[in-house]
Ligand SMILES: Cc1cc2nc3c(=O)[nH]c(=O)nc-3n(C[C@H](O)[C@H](O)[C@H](O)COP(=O)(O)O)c2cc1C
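Okay, here we've got a single chain as structure tokens, the form predicted on its own, with questions on binding and movement later.
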Amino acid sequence: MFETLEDIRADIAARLGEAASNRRSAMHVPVVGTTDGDLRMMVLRAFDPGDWTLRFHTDVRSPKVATIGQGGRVSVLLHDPEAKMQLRCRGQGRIETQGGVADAAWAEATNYAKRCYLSEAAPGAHSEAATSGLPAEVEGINPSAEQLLPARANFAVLLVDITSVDWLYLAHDGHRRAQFSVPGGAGRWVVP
């Protein structure tokens, strides 16, 4: 099944594409880490196999936005327990709030998903009680395009240009591991 490095590289690309497009994929919500040691789970929105870029959505007021900026290191951990596979991706992150990529991502998001960016306070802000942070008029509803107008100012795209992937396959008869430079670099076998 995973006999050659080329087969594995192709499988990684296929799995990342599936994770981005299929919300039922075990890898759809990976763990994303930043240089400050903070980890969080984020929905993988897109994978570009041409340049090996992952796309996530975030709130521009989130602390990770300042940490990543326009070139901070980012790690992404994806795991599929049924396939017995782990992918550790490392790369350069960048935040985009305006322009073609951010505008297209905003346009393709559902109104219900856009609703998250209406939060009155920044992610992580202190609250006296449990709260979604959303204004009462949009709590639990699918807001109109007009209600969402202020949300666009809080929306950002996190792009991760993958530079390397560490692939691990957990097999009963012996694990297998490989590392790749991407998008077009060499792969090599390593001891698990």
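Not measured: the values here are computed from a predicted model. For every residue, the number given is its place in the sequence shown, counted from 1.
There is another form of the same protein, the form predicted together with the named molecule; it is not shown, and what comes next is about it.
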{"property": "Contact assignment for the named molecule in the model of the complex, among Met42, Leu148, Leu134, Ala46, heavy atom within 4.5 Å", "result": "Met42"}
{"property": "Contact of Pro63 with the named molecule in the model of the complex (heavy atom, 4.5 Å)", "result": "yes"}
{"property": "In the model of the complex, Ile141 touching the named molecule (heavy atom, 4.5 Å)", "result": "no"}
{"property": "Non-hydrogen atom contact Val29 with the named molecule in the model of the complex at 4.5 angstroms", "result": "yes"}
{"property": "In the model of the complex, segment of 46-54, 126-134, 163-171, 63-71 with a heavy atom within 4.5 Å of the named molecule", "result": "63-71"}
